[in-house]
Every structure is written in C-alpha cells, then in structure tokens.
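Shown here is one chain on its own, the form predicted on its own, set out as structure tokens.
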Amino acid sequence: MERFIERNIKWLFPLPAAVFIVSMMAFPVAYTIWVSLTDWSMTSSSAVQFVGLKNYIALFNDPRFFNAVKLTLYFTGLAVSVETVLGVGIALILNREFKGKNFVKGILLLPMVATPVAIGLAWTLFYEPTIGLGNYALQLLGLPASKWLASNTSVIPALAIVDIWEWTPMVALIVLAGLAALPHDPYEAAMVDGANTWQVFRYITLPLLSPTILVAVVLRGIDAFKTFDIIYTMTAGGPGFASETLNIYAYNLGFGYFKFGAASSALVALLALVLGGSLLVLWMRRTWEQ
C-alpha cells in the first residue's frame, strides 16, 4: 500500500480537488446540458422525453432571445469598459503616497462587500423619479429629469451605473496589485531621458500593465455576463423586456413559464457566450504580447 502511494503520489494529492471540481462544477454543467435536450416542463403531466436540439431551434426562433443577447452584450460592454477606465485611474492615484491612503482603500471596499439585493433596493430609491436623489442631483446641475428605470432607453445605462459603482473597486485593486509588481528600472531610465508623466504612462506603465488589465477585464466580463440579482431586484427585466438579459430571460422561462428544458438551453447559450468572450479576450492578450 505504501509503495502504491509513493508511486502515485502526484495523482493522489490533487485527487480531492479534482473530485470537488467535477462534483461541484462539471456535474451541474453536464446536467444542465442534458436538461436542455429534453422537454421537461412543469405544466405537462407527461414523462420527460429527449427532444434533441428542439429547444435550441425554438430558442433561435424567439425574438426575445436575440433581444436578451443584445441587452446582455450592451450591459456587459458598457459596465466593463467604464469600470476598466475608472479602475486604472483609481489604481494610478492609489499607487502614490498620500495621507489617508489606507482609509481610502477601506472605503473603496465597501461597495464590494455589500449585499447585491440591498444595493439594488437602495439604488431603486435613488432612481425614484419624484423623490429620488438622482433627479435631484440632475436638477442641481441644471439638467432635465430622467425616467431612469422606467424608460426603455435609460434602463440599461442606469443598471450599468450600479454595477460600475459596485465593481470598479475590484478592477482598481487588481490593477493596483499589478502596479506594485512592475520593475523600477524602466522608470529610472525614463527619468534620466527626461520623459514626462504621459510618456511614462503611455510607453512604460500601460504596456507592462496590459496583461493585468486584461485579467481584470476577463474576470469582470464573466461576472457582468452573469449579473442577475441587481437587475432582477431593480427591474425584473422591465419595463417590458427592455432590461431582460439572458439570465433574466432564462429565469422567466424556468420559473415564469415552468419550461425547464427551454430555460436550460438559454443557460447553455449564456455559457457559450461567456466562454466565447473570455477566449476572445485571451486571444487578444496573446496577440498583444507577440
């Protein structure tokens, strides 16, 4: 027995982690894919039957699905792009020494540790058209009032603002860790050559920091694709279907219409979208490095 353990120790040590990954990650994904190939519906008393790609064909013939894909990409692209720009800017500021730096870092963590449902409820009050602070702030700036969550055109930007407020600190912390790991030699050479602040950022900091920024974009992109709690708490996909992202669409299919097979096919489509987006960003990173 001891000789067997010694010979296979390189396989036995990672075995518990592998079992955990398979049981907690691979099995749910495989089960969802299997359900997406059936006609499982709570409104039918007949036995669950295998229907193959029927749910996917119906999915691609549903205009609501393509609207959900478009809104998911819109929300993710808007939120992640702004979070990246603000996160890099905040990280560059926090990379300097100033009084109260640790206090500012602590304040930045507060949105990340708050409960998403509580955040959604608080921001819903902020966006309230008559007594909310949102329109009051616009009034102080001399700008017209907005319908915020009640308008088809402003609901996604309004939801993106909440996501930006909550998750920009995460991007800032990732980038700040990347800044702390940058070598000092290129900066010393740039100072000797008389480079200004913008030139140092453009030709030294940004190229060296690009792998870290891309990691932050991938992590935030995956998370933004899966955003559910804030959107459901604030709009539940409304007004109409103006904020019905893929997660909300799948939820409505599963727990609104009780079509679990169709809902699972929507979730598989979301998984494919997330994987495709992640692989695209990683390919861009590999191309950039070459």
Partner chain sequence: MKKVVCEHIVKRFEGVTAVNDFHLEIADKEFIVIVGPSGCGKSTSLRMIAGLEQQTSGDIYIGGQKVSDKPPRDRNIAMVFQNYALYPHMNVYDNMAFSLKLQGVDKKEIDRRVREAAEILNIAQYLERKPKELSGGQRQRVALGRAIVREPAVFLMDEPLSNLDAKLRVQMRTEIAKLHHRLGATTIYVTHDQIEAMTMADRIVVMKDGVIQQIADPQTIYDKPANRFVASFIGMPPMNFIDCRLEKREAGLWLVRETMAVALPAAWAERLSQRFGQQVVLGVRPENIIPADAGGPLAAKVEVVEPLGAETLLHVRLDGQSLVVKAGPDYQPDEGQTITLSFDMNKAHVFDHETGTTIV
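In this text, all values refer to a predicted model and were calculated from it rather than measured experimentally. Numbering follows the first chain given and starts at 1.
Although not depicted, the form predicted in complex with the partner chain is the subject of the following passage.
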property: Which of 192-200, 67-75, 138-146, 166-174 sits within 4.5 Å of the partner chain in the predicted complex, heavy atom basis; result: 192-200
property: In the predicted complex, the one of Leu179, Ile93, Ile204, Ala150 near the partner chain [non-hydrogen atom within 4.5 angstroms]; result: Ile204
property: Option touching the partner chain, based on a heavy atom within 4.5 Å in the predicted complex, out of Pro186, Pro111, Pro157, Pro116; result: Pro186
property: Contact flag, Leu121 vs the partner chain in the predicted complex, heavy atom cut 4.5 Å; result: no
property: is_contact(Leu208, the partner chain) in the predicted complex, heavy atom dist at most 4.5 Å; result: yes
